[in-house]
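Next up: a single chain in structure tokens, the form predicted alone.
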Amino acid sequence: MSVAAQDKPNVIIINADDLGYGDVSCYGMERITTHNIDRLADEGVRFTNAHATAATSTPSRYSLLTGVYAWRQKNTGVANGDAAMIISPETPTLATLFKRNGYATAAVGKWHLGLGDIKGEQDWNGNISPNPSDIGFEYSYIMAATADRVPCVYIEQGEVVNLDPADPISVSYTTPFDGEPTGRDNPELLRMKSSHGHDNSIINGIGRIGYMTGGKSALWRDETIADSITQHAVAIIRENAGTQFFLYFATNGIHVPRVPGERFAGKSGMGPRGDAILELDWSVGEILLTLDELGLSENTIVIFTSDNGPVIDDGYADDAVELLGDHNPSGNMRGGKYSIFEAGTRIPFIVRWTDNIPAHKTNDALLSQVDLFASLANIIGDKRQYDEAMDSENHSDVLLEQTNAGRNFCIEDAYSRSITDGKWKYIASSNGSKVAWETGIETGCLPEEQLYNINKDPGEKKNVAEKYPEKVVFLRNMLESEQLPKVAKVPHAN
């Protein structure tokens, strides 16, 4: 389905961080009610078999924005704050897609896709280039990487916000700065203790990954990160209410360190992780209320999703494990963040477009975030070039609840690689670590091949590879074929 130019919708993608399939009440969370996310589901389509392409942030975000599996591109592992720009300026993105169709484009929130052209050589005290403006985003207000990594500052239009030139920033991921305390050497200065790692520079009483000095006036306050990025996202909507816009809103919630604002602290009964879910839901509500106020709800596609599966203890002693109780962030699935098992990549995915999508629907189509490029291109009537978004398939009819026939297969990447056709899931053999560091999460890496009937066994408890060798061979061959270098030779059919 495509629409006439005058009817082209605004598009907002809300990409949460480390939010599990079971962390939202419309997906089964019972201890917390996510009213605003539930509202999206009530007014749109809730997908039960949608996947990120990877079980960690950077590769997942790369695929979502480019329509290309991240494992086709070098240096798409989890990026440090001093990583060079991972999406090169010549790479087509969702932002360039919308920009060439006359949309205002903006990225707000967590970036985690690198900045500058050389790793570790960014000029944090000047204009950092390349930046999101070089890949189609006309406006950006971002965090360079994650909240647990330096530099702990906001970057607007390629420049650090509120920087005092007399107090320049320096960043290193190898060497501490003289005179700057670290979590390892000065634990008495910490207000949030580390459970594993996260013991480099101390910013706001919290140990981080990497070292930073200077920029005191520019440092964010962890308690107000959600407020700051949400306010900027709302401002983008208000400023572009009279035109068509594309907003990529990547929340910090619920990534560590979980330091929700004071009005959310202690409200969930599940500690900072639960409080952060409430804060995330508030951010979604602010977006929806703004659309309502401006009369934009009817012709705005809102997509809510998460970059990968959940993690409980990801490096800070914040009582998340102790206060979890009977809640399972992975739903009835195995694994989580970092894992090739199902909970690593099966994520919440909700689409609302009140003018064109029926309300309160559930769709079990197999879907991948990599398909957003082709699907949204089709909706707005764009014809992709032959070399754009080579892994993205047009499933606009699925997004718009016109069918539940989705992808033939999805490929996912973590410590190992898997392929699923929605019923059968094959995991390639791997000699990688069986557990992701001190998180306790199973990576899914085993020296033998694995096959699961995920319709009957969503928890991937019974490996049936020996029982169905022909299915193993079929899926292995398909995965190996897809992993070959891929060059589109003919124009994509939207």
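Since the model is a prediction, treat every value here as computed from it, not as a measurement. Counting begins at 1, following the sequence as shown.
Just so you know, the form predicted in complex with a small molecule exists too; it's not on screen, but the next bit is about it.
Using a 4.5 Å heavy atom cut-off, indicate which stretch of 197-205, 391-399, 119-127, 291-299 touches the small molecule in the predicted complex.
Of the options, only 197-205 has residues within 4.5 Å of the partner.
Is the small molecule in the predicted complex close enough to 78, 110 and 337 that every residue in that trio has a heavy atom within 4.5 angstroms of it?
So, yes: the whole triplet contacts the small molecule.
Scan 407, 149, 417, 384 and let me know which has any heavy atom within 4.5 Å of the small molecule in the predicted complex.
The residue from 407, 149, 417, 384 that makes the contact is 149.
Quick check on residue 57: any heavy atom within 4.5 Å of the small molecule in the predicted complex?
Heavy-atom contact with the small molecule at 4.5 Å: present for residue 57.
Could you confirm whether residue 371 comes within 4.5 Å of the small molecule in the predicted complex, counting heavy atoms only?
Contact check for residue 371: no, nothing within 4.5 Å of the small molecule in the predicted complex.
How about residue 314 - does it come within 4.5 Å of the small molecule in the predicted complex, if we only consider non-hydrogen atoms?
Looking in the predicted complex, residue contacts with the small molecule include residue 314, since a heavy atom lies within 4.5 Å.
Can any non-hydrogen atom of residue 307 be found within 4.5 angstroms of the small molecule in the predicted complex?
Output for residue 307 is yes: heavy atoms within 4.5 Å of the small molecule.
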